[in-house]
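Just the one chain here, laid out as structure tokens, in the form predicted on its own.
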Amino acid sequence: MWRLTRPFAIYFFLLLLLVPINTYAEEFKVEAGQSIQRAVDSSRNGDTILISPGLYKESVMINKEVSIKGEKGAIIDGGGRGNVIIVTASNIVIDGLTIQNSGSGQEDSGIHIKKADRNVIQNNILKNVQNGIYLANSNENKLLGNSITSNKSHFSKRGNGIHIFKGGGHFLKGNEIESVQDGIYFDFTSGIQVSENHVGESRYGMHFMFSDEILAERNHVEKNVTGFMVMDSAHIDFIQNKVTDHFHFRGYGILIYETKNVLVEGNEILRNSTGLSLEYGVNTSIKRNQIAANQVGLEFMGKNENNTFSENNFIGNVVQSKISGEDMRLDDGVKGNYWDDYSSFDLSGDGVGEEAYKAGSLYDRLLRKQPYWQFFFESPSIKLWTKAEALFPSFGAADVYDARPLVEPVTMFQETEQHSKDRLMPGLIGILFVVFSIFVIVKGRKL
């Protein structure tokens, strides 16, 4: 029997480490009438399973590192029982499938991921499912470009579009979610980025409970009961989202309750029953938002501490603010906000009005107790009352004010970008017109 010398044995061992683990990865093709589960059971880590068009009536358990890719028309139907797909392995891919008819239990889902990390779920259609995608005790998964709808019952009987329970580090982008209970539910989770998703026709667009360190940017939530609901959470950033058309009688664009360290910047908060509401909010920074055309623009309830407002536009709200609770200052000491019902002057020319803007007028406060006073909105008597309150501040019961009110609306980033495009288009048309004119003149001379 021959024996390896020690140096040669070391080289041989290092060479083995360089051999790719998935050298023998295979590709399986599942045709209509065959079982997807049987293909998964026959596969090994690194294999790919291609699903041909057809209806596959089965539930699938994925417990190894495989990629499942559906061709157009590949449908997995759970038959109304339990989860349609359960994932317990990490590093899997589910791409391009239609997944339908889960059970109606509380955690039944189109795709249920349990204690599994770094998976990619993309370009799938999930319909008539209790929950769309349920992530439990998992980390660093990517959910990209999925379309999710629940069943046709009242939202109180549906599950959530995407439910994230514990774990974290996920990335959610470009998902279309509609007709569920809550679009995306963050439940005891942290470290998540959620970008460019759309949620509509549900209870809450996004629901944050006992969660922290979440970035929500460039999402569009519309026509839900409430757009963003934040409770008992911390370090939540809302950047450049559109929050529109939440006209339920108890609906809000953004509702922040018993939460600290929130940033609300560059958002469009338009046409909601109440645009932005703070109740027991701490260290909230609200700047450069467009808060317009709401029934109530800004609401404070309870005690709110260390919150700053600057360079927001409050335009066309039926009632600018409803105040209940502690006194508060609505500027950062340098700049305040633009209020379209502010009537003082800028004598120094620095863009800041000479008098403080008083929020939460006595009329606004009375509306909380006597809503039918809304009938007198913009009436001559209310205008006279508001003017008298401005001249004699002691009339007002609230001490919530903006000491540095802006006399011109703030130009938002989105507006700047749009205006640049608006200016670019006439310029291009003009250049084309000039080129065409020169061409006609030159051709005319030659004829």
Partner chain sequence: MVKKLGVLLMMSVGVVSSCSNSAMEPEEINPEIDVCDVCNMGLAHEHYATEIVTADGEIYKFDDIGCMNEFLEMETSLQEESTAKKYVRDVDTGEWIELEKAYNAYHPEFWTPMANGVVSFKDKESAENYIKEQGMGEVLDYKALKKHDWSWER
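Numbering follows the first chain given and starts at 1. Since this is a predicted model, take the numbers as computed values, not measurements.
This next part talks about the form predicted in complex with the partner chain, which is not shown.
The contact with the partner chain in the predicted bound form, taken as any heavy atom within 4.5 Å, belongs to M301 out of A234, M301, V120, V352.
Taking a 4.5 Å heavy atom cutoff to the partner chain in the predicted bound form, the contact residue among K114, H248, K142, R81 is H248. Segments offered: 249 to 257, 285 to 293, 315 to 323, 335 to 343. Contacting the partner chain in the predicted bound form at heavy atom distances within 4.5 Å is 249 to 257. For the chain shown alone, Y185 is a contact residue for the partner chain in the predicted bound form, at least one non-hydrogen atom being within 4.5 angstroms. The partner chain in the predicted bound form is not approached by F171, whose heavy atoms all lie more than 4.5 angstroms from it.
Although the partner is absent here, S348 lies well away from the partner chain in the predicted bound form, with no heavy atom inside 4.5 Å. Within 4.5 Å of any heavy atom of the partner chain in the predicted bound form lies no heavy atom of L263. In sequence order, R203, Y204, H207, M209, F210, M229, M231, D232 are the residues of 197 to 235 having a heavy atom within 4.5 Å of the partner chain in the predicted bound form; the partner itself is omitted from this view.
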